[in-house]
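Given next, in structure tokens, is a single chain: the form predicted on its own.
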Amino acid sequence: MALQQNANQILDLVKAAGASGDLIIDQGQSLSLKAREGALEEYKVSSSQILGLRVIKDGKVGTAYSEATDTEALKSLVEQALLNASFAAVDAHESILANAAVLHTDDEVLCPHEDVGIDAQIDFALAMERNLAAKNKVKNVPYNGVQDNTGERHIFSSAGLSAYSKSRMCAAYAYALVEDGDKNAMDGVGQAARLFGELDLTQIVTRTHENCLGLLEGTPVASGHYDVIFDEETQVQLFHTFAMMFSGKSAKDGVNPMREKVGQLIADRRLNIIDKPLNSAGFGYALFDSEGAATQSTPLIVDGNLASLIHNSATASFFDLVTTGHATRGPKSTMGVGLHQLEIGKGEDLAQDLLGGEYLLLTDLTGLHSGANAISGNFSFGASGYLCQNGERVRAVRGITVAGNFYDMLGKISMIGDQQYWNWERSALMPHIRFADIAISG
């Protein structure tokens, strides 16, 4: 009730000043545990609340934020936002949506109740590090953690909008360093779930150890062109690195190479990509965006054709379109656009065909930001993984570079698998894709 009263007080002041506005209130509670050499290295419990106000007056946009909620602080928040707006240039496209919807997510689905004590979570963190450190050839476990985070968002607007979402994510991860003589390798895995009890300590330890040992004997392959399959993690990283290709904001700013290609063929005709925010199995689930606009599935690439860019209300107005429900804004930031939950449609290729013959399975990419140019599509990443033959790992591969042009790669798809997989953070759902003729430097 206090939260609603605070929102009403703020928005009443905004309207009294002859402005319109919307208010984001983010609340969160988090637990973070890390272990080192059998003891807790980090035990951090925190909570937060922050209010972020956006106002529009005379076509000018201003923002301000506050962590305090007393009457004077709320009054100051409105005054600061209005002052900031007074110094801004007129924006003909940004506005507060005429949206009086009431939108609430289901806590039982996204934030289910669980009776779990802190002692059980500490025991998990300590056992994960201890059990992994005791494995053959493991020198140490430099990176590990257990997290339990609950986030809550409320959005109110002067138009009458009231939107609420609350979600929980529990996660655990571990990275181990293994050594054998002068050889060493480091790798790790993670898991995420809505309930702490769904995390599998044994699986994390076993898979991390297996991954590290598998890469220990890795050496470069001969330079050349190979068929390449990115695993469940690296393929998501690759597509997210070039996600700007779908951005209506980057198109508005003139830096999106796909700006003039909506409706055109840009990829293999078997490729279908959709942003699917209403799949509650993933942690990218979103009932509404940061403007409070209801979300929906948005086809991005259909049969290889670019079907749509993603928009907030301002970028949509610029292109004379309607918002696709992809506004992003934090309490301290201005409005942008962003994907919710990327999904690539299943292909028709069975595993025995997808994994037939020789190919490289890449399980790790480095230099994702420094080695990529999202405007040109060019990239050059350090990589490691396995040289495979008919689905079997022949040998580990390390110290190679994979390079090319991502937008050209979309037309070099050889096969798309008939099964989909989540990455460990459950932010994207994709089948394995086999790319042909990819340049590898050994």
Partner chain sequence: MLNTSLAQSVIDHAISLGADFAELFVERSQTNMVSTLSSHVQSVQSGIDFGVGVRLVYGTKVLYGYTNKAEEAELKRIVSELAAKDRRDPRISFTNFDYRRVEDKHAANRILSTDPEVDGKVAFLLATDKAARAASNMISQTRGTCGQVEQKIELFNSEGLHTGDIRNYTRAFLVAIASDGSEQSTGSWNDGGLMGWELVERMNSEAAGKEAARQALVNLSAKPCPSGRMPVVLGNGFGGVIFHEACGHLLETTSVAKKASVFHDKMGEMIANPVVNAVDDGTMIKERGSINIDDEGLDSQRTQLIKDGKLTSFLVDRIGSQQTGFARTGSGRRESYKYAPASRMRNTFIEPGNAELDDMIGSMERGIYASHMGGGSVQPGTGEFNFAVTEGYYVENGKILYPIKAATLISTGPKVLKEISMVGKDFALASGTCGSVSGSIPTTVGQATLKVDDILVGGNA
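Positions refer to the first chain, counted from 1. If you superpose the two forms and keep the largest set of C-alpha atoms that fall within 1.5 Å, you have the rigid core. None of the values given here were measured: they were computed from a predicted structure.
Another form, the form predicted in complex with the partner chain, is not on view; read the next lines as being about it.
Exactly one of the stretches 96-104, 200-208, 279-287, 132-140 approaches the partner chain in the predicted bound form with heavy atoms within 4.5 Å, and it is 132-140. When contacts are judged by a 4.5 Å heavy atom cut-off, Gly181 does not count as touching the partner chain in the predicted bound form. When contacts are judged by a 4.5 Å heavy atom cut-off, Asn84 counts as touching the partner chain in the predicted bound form. Residue contact with the partner chain in the predicted bound form: Asp119 places a heavy atom within 4.5 Å of it. The closest non-hydrogen atom of Pro257 lies within 4.5 Å of the partner chain in the predicted bound form. Proximity to the partner chain in the predicted bound form holds for none of Gln237, Ala243 and Ala267, with the criterion being a heavy atom within 4.5 Å.
Residues of 333-349 lying near the partner chain in the predicted bound form, listed in sequence order, are Ser333, Thr334, the criterion being any heavy atom within 4.5 Å.
If you fit the rigid core between this form and the one not shown, you'll see the Cα of Glu67 move by 2 angstroms or more. Shown in the overlay between this form and the one not shown, fitted on the rigid core, is a CA shift at Tyr143 smaller than 2 Å. Annotation for Thr366: C-alpha shift under 2 angstroms between this form and the one not shown, rigid core superposed.
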